[in-house]
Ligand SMILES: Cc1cc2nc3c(=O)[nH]c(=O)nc-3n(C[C@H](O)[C@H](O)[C@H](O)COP(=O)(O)OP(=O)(O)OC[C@H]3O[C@@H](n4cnc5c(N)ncnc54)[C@H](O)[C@@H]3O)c2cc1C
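Next up: just one chain, as structure tokens, the form predicted on its own.
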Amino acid sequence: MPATTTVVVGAGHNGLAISHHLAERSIDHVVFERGRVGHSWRTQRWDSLRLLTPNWMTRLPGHGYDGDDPDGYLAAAQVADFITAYAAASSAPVRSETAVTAVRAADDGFTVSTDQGEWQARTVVLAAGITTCPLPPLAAALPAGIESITAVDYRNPGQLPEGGVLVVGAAASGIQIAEEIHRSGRPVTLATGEHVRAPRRYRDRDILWWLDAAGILDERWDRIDDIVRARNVASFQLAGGQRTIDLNALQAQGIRLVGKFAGIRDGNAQFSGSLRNVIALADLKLDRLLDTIDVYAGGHGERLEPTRVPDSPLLLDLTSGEIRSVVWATGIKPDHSWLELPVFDPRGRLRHSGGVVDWPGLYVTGLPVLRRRRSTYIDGASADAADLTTHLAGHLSGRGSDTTGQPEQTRTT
């Protein structure tokens, strides 16, 4: 059985950032990728998608965007090319077309099973990438004849039958998909739960520029009051471009808003009556965010108009023929079902502290707000990888490390 010090599962930007820092420390390792490098960017994104972050934020350790449009937004295929070029430039030891099927405890670390054979490793880093987006249980209750598709499988409106579309979820994916489908000529109803409103630009700068400059993206996971909530909050209502897409913009285009999709009974879709409160909370959070930016920058910027609250129905007859398809933009999750270790909480979530999993030698990266708010974006991969490889090196040396990523012997308080 071949052996290595570290196995990295996933050759997306997070796995490659880990590989870079492992190589800097001369830690031998191998990176397993189930498809090609950048697999998910090539296969799990809709055709018109662009990054929410401007190009200048597309940077990995030792490698960054070097084109002539730093304030633009890369398309999914361009992100895949960027990651592929990074893998080649860093000479990462990637074994593509190799799917990890199991990770088990062994006498000195782990046994990693793949569809190409087994490996022995002292440490393992789960670099996300392997995601799941199953249809929610509600999909099974839809009346016959209504098609269902998840955001991961959605490519363009041409996939959908003619007629009305219900889009479920009003985070970044949901609002972009809803707008695109509406522009194709199909009537769209958007089921809106908790969301995070943000302007694309504020005080003549991209909103991400302000979050970066003001240090908001560098807030650490262990300084956030409710980290579980922070990791599960919806993504900003943003699209890759210069314009703001929020619920006001969608309503102005003719998209119908309803509350959170709560259930189906007697052929009727049931929607929560809390839409007014959900909208008010999103506007309140927006004002707080912009207040933080104003404190950093001085002065006071122009604010968005409050979100208009529609008189939305609580029921929608799904048997009338008005709705012909449903797009579920309800988020994706990492799939660690092949991990054969007792490291999950009662809700099936991986137990970890800042990416240090509750099992010696096991790490995870690529999750939202993993070690800092920046972790949610490509731009956060480098700092997270540096911290985790520091902890990993301490584990290998037997010195031990705390969850900040610093060896305990050198850590300062």
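On a predicted model such as this, the values are computed, not experimentally measured, just so you know. Start at 1 with the first residue shown and count on from there.
The same protein also has a form predicted in complex with the named molecule, omitted here; what follows describes it.
Colleague: Taking Ala3, Trp119 and Gly361 as a possible spot, do all three reach the named molecule in the model of the complex with a heavy atom inside 4.5 Å?
Modeller: Answer is no for this spot.
Colleague: Should Ala11 be counted as a contact of the named molecule in the model of the complex, where contact means heavy atoms within 4.5 Å?
Modeller: Close contact exists here: in the model of the complex, Ala11 approaches the named molecule to within 4.5 Å, heavy atoms only.
Colleague: May I ask you to check whether Tyr65 falls inside a 4.5 Å heavy atom distance of the named molecule in the model of the complex?
Modeller: Judged by the heavy-atom cut-off of 4.5 Å, Tyr65 is well away from the named molecule in the model of the complex.
Colleague: Answer with yes or no whether Trp46 is in contact with the named molecule in the model of the complex, where contact means some heavy atom within 4.5 Å.
Modeller: Within the cut-off, so yes.
Colleague: Give a yes/no on whether Ala127 approaches the named molecule to within 4.5 Å in the model of the complex, heavy atoms considered.
Modeller: Result yes; Ala127 sits at the interface with the named molecule in the model of the complex.
Colleague: For the chain seen here without its partner, which of 153-161, 330-338, 188-196, 258-266 has a heavy atom within 4.5 Å of the named molecule in the model of the complex?
Modeller: Among the listed stretches, the partner-contacting one is 330-338.
Colleague: Consider the chain as shown here, without its partner, and state which of Gln78, Gln270, Thr98, Thr307 has a heavy atom within 4.5 Å of the named molecule in the model of the complex.
Modeller: Exactly one listed residue reaches within 4.5 Å, namely Thr98.
Colleague: What residues in 40-54 sit within 4.5 Å of the named molecule in the model of the complex, counting heavy atoms only?
Modeller: If the 4.5 Å heavy-atom criterion is applied to the named molecule in the model of the complex, 40-54 yields Ser40, Trp41, Arg45, Trp46, Leu49, Leu51, Leu52, Thr53.
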